[in-house]
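Before any questions on binding or motion, here is one chain by itself as structure tokens, the form predicted alone.
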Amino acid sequence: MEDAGVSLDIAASALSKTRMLGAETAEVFLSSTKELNIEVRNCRVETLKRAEDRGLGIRVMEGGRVGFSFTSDLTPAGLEEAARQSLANCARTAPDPFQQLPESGAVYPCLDLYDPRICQAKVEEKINLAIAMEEAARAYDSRVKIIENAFYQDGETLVAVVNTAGMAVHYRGAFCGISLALVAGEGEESQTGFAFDFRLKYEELDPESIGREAASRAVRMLGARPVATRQAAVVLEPYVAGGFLGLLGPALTGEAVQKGRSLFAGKVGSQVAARDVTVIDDGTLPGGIASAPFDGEGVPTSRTVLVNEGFLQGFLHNTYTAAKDGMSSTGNGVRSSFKGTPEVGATNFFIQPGLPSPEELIKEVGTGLYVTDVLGMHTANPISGDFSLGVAGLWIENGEFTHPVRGVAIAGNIVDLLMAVDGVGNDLKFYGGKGAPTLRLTGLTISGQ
């Protein structure tokens, strides 16, 4: 991957060409990424892919109009053509008084995002991490019958942003991750299990732990059966609680509120969750997979408390939605690549952990369900917050797990679910950019036989 200085020079050259063609207000976003994906099955490499993507996007603003274009041709001719196209596109859009670029001169957080070990480790070593997951899973229990796939993945990125307000910033980052999916069987029955982990530090990957976790998730569900419909306590393991955060996140953006697509519109200052619930987005989180010194338009990332002890504090913003609400950007102008403009999105989005251990939360349950898997989260309505989901897990009697449960469902609204929380565990765990601890809920209806 090229030097950061080279990237800044290319971005500055594109900005210069855009100005020479007549643009007074413009921005260039350049990104360069490399990815490695390895899939192993039965200790043999099934696929090994390397991919690179490099290019830049140019945004031009004139009289409230915005034009955007992108290119992967970083030659002088390619940059000039992209500049011309962004100006031509600008002339065709409707004016909007809130379109503006962020100012330069901001102070950026100092983050440790680049571990050279990720890129220095040999491919054979990375293959062995995937194999080690498989071996740990099979050693965990003889009922682990099929390894569906064992993955290793890593990536390296370089981002640079320059604009006509004097901004010229860049950063380099890298990540790595492992994942395992398998099947355990006994007699005619089979159950699936999975586990994954993504890190900024190569040495923090623990393939044996991931292998055991995936095997445990499958084996513990063997013999699962439904229960009768009833009201009972529900305990969400961190992975499941994090899944509900995926439903919550889009509703906590300024963009969703402004477009009438958020169930939290008009509720700032109101109670929207139990007092134990605090929801945070933190683009500066040490070790966070989505951490960065600045967002997709060069605004410093920040820690934003969205729900504090149950009360709604505000929303996530990029420069545009903040201007529309007369506020400052929270550093949440997210770009998936150089091919798009900054949208409002979460970074490291999580529920703040509490004090009790998950074991303590479960021990206090007389009768309830420990939910380990959810089916149909994609069918939940992110605008109303309504959901109806199939769930599976472990039945709890007198604070102890008794038998696995499958073939039951829970339904409701995300706000009602958050209001029902009566215990938050100390076991915050991140799954990519979303993190949650164990959550205990009172009196949900579990629909079964």
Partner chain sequence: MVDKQLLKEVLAEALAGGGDFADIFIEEKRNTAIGCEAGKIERVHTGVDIGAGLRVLLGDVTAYAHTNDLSRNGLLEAAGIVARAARGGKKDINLDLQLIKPVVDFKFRDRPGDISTERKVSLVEAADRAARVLDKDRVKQVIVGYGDVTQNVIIANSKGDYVEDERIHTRLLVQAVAASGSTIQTGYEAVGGLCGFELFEKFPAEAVAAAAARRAVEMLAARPAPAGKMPVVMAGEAGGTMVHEACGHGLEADLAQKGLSVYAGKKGQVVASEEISVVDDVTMDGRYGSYRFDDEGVTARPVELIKKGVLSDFLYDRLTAVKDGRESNGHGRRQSFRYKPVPRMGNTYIAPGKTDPVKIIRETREGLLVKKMGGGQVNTTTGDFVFDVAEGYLIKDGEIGPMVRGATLTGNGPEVLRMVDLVGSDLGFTIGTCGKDGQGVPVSDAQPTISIKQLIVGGTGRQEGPDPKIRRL
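If you're wondering where the values come from, they're calculated on a predicted model, not measured in any experiment. Positions refer to the first chain, counted from 1. So that the term is clear: the rigid core is the largest set of C-alpha atoms that superpose within 1.5 Å between two forms.
Absent from the display: the form predicted in complex with the partner chain. The rest refers to it.
K.L.:
Is it the case that Trp395, even though its partner is missing from this view, gets within 4.5 Å of the partner chain in the predicted bound form, heavy atoms only?
P.N.:
Contact check for Trp395: no, nothing within 4.5 Å of the partner chain in the predicted bound form.
K.L.:
Would Arg92 count as a contact of the partner chain in the predicted bound form, using a 4.5 angstroms cut-off between non-hydrogen atoms?
P.N.:
Arg92 belongs to the contact set for the partner chain.
K.L.:
Using heavy atoms and a 4.5 Å limit, would one call Thr71 a contact residue for the partner chain in the predicted bound form?
P.N.:
Output for Thr71 is yes: heavy atoms within 4.5 Å of the partner chain.
K.L.:
Is Val107 close to the partner chain in the predicted bound form, meaning a heavy atom pair under 4.5 Å apart or at it?
P.N.:
Taking the distances in the predicted bound form, the answer for Val107 is no, it never comes within 4.5 Å of the partner chain.
K.L.:
Considering non-hydrogen atoms and a 4.5 Å limit, which listed residue (Glu309, Glu186, Glu148, Glu80) is close to the partner chain in the predicted bound form?
P.N.:
So the residue touching the partner chain in the predicted bound form, by this definition, is Glu148.
K.L.:
Under a 4.5 angstroms heavy atom criterion, identify the one residue in Pro286, Gly269, Gly366, Gly376 near the partner chain in the predicted bound form.
P.N.:
Of the listed residues, the single hit is Gly376.
K.L.:
Since the chain is shown here on its own, which stretch among 272 to 280, 83 to 91, 211 to 219, 157 to 165 would lie within 4.5 Å of the partner chain in the predicted bound form, judged by heavy atoms?
P.N.:
This holds for exactly one stretch, 83 to 91.
K.L.:
Any chance Arg44, Gly443 and Gly448 all have a heavy atom within 4.5 Å of the partner chain in the predicted bound form?
P.N.:
Spot residues vs the partner chain: full contact, yes.
K.L.:
Residue by residue through 388 to 423, which ones have a non-hydrogen atom no more than 4.5 angstroms from the partner chain in the predicted bound form?
P.N.:
Ser388, Leu389, Gly390, Arg406, Gly407, Ala409, Ala411, Gly412, Asn413, Asp416, Leu417, in sequence order.
K.L.:
Thr93: CA shift of at least 2 Å between this form and the one not shown after core fit?
P.N.:
Yes: Thr93 shifts by at least 2 Å between this form and the one not shown.
K.L.:
By the 2 angstroms cut-off, has the C-alpha of Thr71 moved between this form and the one not shown once the rigid core is superposed?
P.N.:
Yes; Thr71 is a residue whose C-alpha shifts (by 2 Å or more) between this form and the one not shown when the cores are overlaid.
K.L.:
Could you check whether the CA atom of Glu81 moves 2 Å or more between this form and the one not shown, using the rigid core for the fit?
P.N.:
After core superposition, the displacement of the Glu81 C-alpha between this form and the one not shown reaches the 2 Å mark, so yes.
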